[in-house]
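Read the single chain below, which is given as structure tokens and is the form predicted on its own.
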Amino acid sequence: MRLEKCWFCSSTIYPGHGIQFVRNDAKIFRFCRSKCHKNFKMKRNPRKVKWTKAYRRLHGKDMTQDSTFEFERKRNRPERYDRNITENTLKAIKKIDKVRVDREARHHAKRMKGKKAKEQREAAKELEQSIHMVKAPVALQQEPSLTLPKIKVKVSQQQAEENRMEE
């Protein structure tokens, strides 16, 4: 069973699926679905279309270099059937898939590192700026515990004197 790659989005095409386009110079383009075929006909660049593998790799969202990708390329060469080699290859494929999934998870975790803290800071800032929309101003005056605590910043005497002189 030969698994092809979509020319546009790089997804896997299983036998009996997809569309083939043969150009006048006999170059064969394979597409997984009509969406990819239509984008190709519209002469769109896969590196500029956000949902493609090419875009994700170019912008650092997917792993670009890994030894597991090399194994995937080597697998497509036809070889003479040997039961032992086939058995070992199938075992190796499972191990390599597991390694690839683990590495992709680590890559994703590294990309998302610090995002949660950043989102919390942005949410706190937004809440601080628009607390009047959440609670009525009268309720805030009556119960000061509803407001966020003010952050105190220490200012040295020299800076305070400079600010007074500027005024």
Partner chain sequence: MAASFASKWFLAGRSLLGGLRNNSLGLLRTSQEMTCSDFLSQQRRTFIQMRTNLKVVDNSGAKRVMCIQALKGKKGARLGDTIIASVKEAQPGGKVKKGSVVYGVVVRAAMQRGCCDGSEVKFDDNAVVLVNKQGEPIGTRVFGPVPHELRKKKHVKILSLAEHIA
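Positions refer to the first chain, counted from 1. In this text the structure is predicted, and so the values were computed from the model without any measurement.
Quick note: we don't show the form predicted in complex with the partner chain, though the next part is all about it.
Screening 37-45, 50-58, 107-115, 94-102 for residues having heavy atoms within 4.5 Å of the partner chain in the predicted complex returns a single hit, 37-45.
At least one heavy atom of residue 26 is located within 4.5 Å of the partner chain in the predicted complex. The shortest heavy atom separation between residue 11 and the partner chain in the predicted complex exceeds 4.5 Å. Contacts between 3-17 and the partner chain, taken as any heavy atom within 4.5 Å in the predicted complex, involve 15, 16, 17.
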